[in-house]
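A single chain comes next, written as structure tokens; it is the form predicted alone.
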């Protein structure tokens, strides 16, 4: 009987120790803690020679104030407005709403403005709107490539920003609303 109790005690003790020691082996490490390069960590490798940049062109103006007098080089055609509408829905509608009237769930919380307002439509130049998209404002992030070293994943090309301006000036107001699917 004593032998059975001792054997049972040893079995229980081994049953408790062995799983704990197995968990301490190197193969039990979590994948997250393995040696790896995490996103945006470490030094960025230089681009290979003769590679083609796909992150747009650097902006030639230094700030939003300098962009005020720029003129839109892209004609506000139906194609441009349609392209601008698509980009607006991807990049701008989360804060300004699909209608541009600052009617999204977060508009009031972050202070997004109504882009169909008479002040925006009449007083703000296309260059100013383009500069705001490019450089951002108080709470709005920048969506333009300011320099190759600060390029981000949400950067729009120069033309894409002008398409959005065409849509904001010619497609958001109710009088000129163009019906696109």
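Just so we're clear, the structure is a prediction, and the values are computed from it rather than from any experiment. Positions refer to the first chain, counted from 1.
The following text describes the form predicted in complex with a small molecule, which does not appear among the structures shown.
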Item to check | 96, 124 and 140 all contacting the small molecule in the predicted bound form, non-hydrogen atom within 4.5 Å | outcome: yes
Checklist entry - So, in the predicted bound form, is residue 81 in contact with the small molecule at a 4.5 angstroms heavy atom limit? => result no
Next on the checklist: Considering non-hydrogen atoms and a 4.5 Å limit, does the small molecule approach residue 132 in the predicted bound form?
Outcome noted: yes
Checklist entry - Using 4.5 Å between non-hydrogen atoms, is residue 113 touching the small molecule in the predicted bound form? => result yes
Next on the checklist: Considering non-hydrogen atoms and a 4.5 Å limit, does the small molecule approach residue 68 in the predicted bound form?
Outcome noted: no
